[in-house]
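Only one chain is given next, in structure tokens, and it is the form predicted alone.
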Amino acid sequence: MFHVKKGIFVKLKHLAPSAALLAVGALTLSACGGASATGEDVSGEGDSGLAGTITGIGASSQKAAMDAWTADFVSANSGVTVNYSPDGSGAGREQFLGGNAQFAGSDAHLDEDEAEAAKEVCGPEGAFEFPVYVSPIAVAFNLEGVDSLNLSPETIAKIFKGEISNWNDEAIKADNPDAELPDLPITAVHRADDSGTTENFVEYLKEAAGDLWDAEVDGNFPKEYGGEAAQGTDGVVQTVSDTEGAIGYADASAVGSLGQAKVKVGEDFVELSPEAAAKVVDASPKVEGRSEGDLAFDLARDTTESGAYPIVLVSYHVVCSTYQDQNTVDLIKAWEKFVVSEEGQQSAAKSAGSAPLSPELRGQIETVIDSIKVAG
């Protein structure tokens, strides 16, 4: 068992069913030697003195990076087990705020109500949150004979609102004057679950497409716009892959061989890449009115900076400012410091195609991690 909230001990059998699966090892990597994320044999290594279990729930976008981080971390810490259930950002924040996880992975930072609720779980200083994973969100398509596709934010908005329903629409032709676009219906695929990827995607449309996107920014895709819903990142990618003429949005690390649209920024169409995604983060201010331990960013979705790809996902880890015992504090500090370390970020970049954190941002995050302490 483990605990986060003062005086409350949460057994795995009391977790949500998806989280409880961790107990039977479906999503567990245990530190008993073996291979690291690089495939090297690390048997016999890892006597760091740390011991215990770290449990997290959250964003599916982080899954590939989490697999790499976990493999590397547990290979160096033979007494530690790291469990992560990629149930989605909304589920992660909910379970964390319910005291059912020691950290959450989230593709959206806590809102004001959640930040206040965290004080009930984590003590008066509430939760700390910081970026751990930066990746572009691909606008992925399945269109036979079309290898390259340019889309303006206005065109993307109309497609996902259902106002553009065929691939030979004049608006798509205007973005792609040299392409041979088929007379084929468009199947626009969105997430069925509460998703940080959705929130980031629609936030981009809200800011970059202006009044064309009139729905509120939320982790749930607006039902009034129709389209086809699919569960999780894997569900979206699978549906687009199986459907000729489909288009969807998903973390770039997950889209495989699907086509990936170039997005109009200023007067140019920009191809997604970790470097192009990092440009947006570097140009973005922190969310105002938060504590010193809160490193949430207000992303510049409507940037016109050359070479910047604005449909970007900044995924956070949310941790408590205080835990109930020193061992838990030591575990969380060691784990999160590895995640944001140069080694950890390079491992994620190799496994998931993410953009490594800058040294300056890493330093800010390490200061926040150092301030985690025992409640008292």
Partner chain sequence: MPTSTQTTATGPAAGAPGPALGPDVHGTKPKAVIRPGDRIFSAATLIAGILILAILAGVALFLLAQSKETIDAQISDPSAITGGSGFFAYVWPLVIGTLVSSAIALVVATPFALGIALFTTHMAPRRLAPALGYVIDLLAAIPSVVYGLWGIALAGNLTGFYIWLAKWFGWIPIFAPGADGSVSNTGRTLLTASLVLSIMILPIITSLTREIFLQTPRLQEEAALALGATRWEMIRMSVLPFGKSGIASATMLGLGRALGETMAVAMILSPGMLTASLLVSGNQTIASEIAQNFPEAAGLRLSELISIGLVLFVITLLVNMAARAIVAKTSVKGS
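Every value quoted in this text rests on a predicted model; they were computed, and no experiment measured them. Positions refer to the first chain, counted from 1.
The same protein also exists as the form predicted together with its partner chain; that form is not shown, yet it is the one meant from here on.
Look at 270-278, 126-134, 188-196, 144-152: in the predicted complex, residues with non-hydrogen atoms within 4.5 angstroms of its partner chain sit in 188-196.
When contacts are judged by a 4.5 Å heavy atom cut-off, E224 counts as touching its partner chain in the predicted complex.
Within this chain, D72 is remote from the site of its partner chain in the predicted complex, having no heavy atom within 4.5 Å. The closest heavy atom approach of E228 to its partner chain in the predicted complex falls within 4.5 Å. For the chain shown alone, A91 is a contact residue for its partner chain in the predicted complex, at least one non-hydrogen atom being within 4.5 angstroms. When contacts are defined as a non-hydrogen atom within 4.5 Å, all of N220, T239 and T243 contact its partner chain in the predicted complex.
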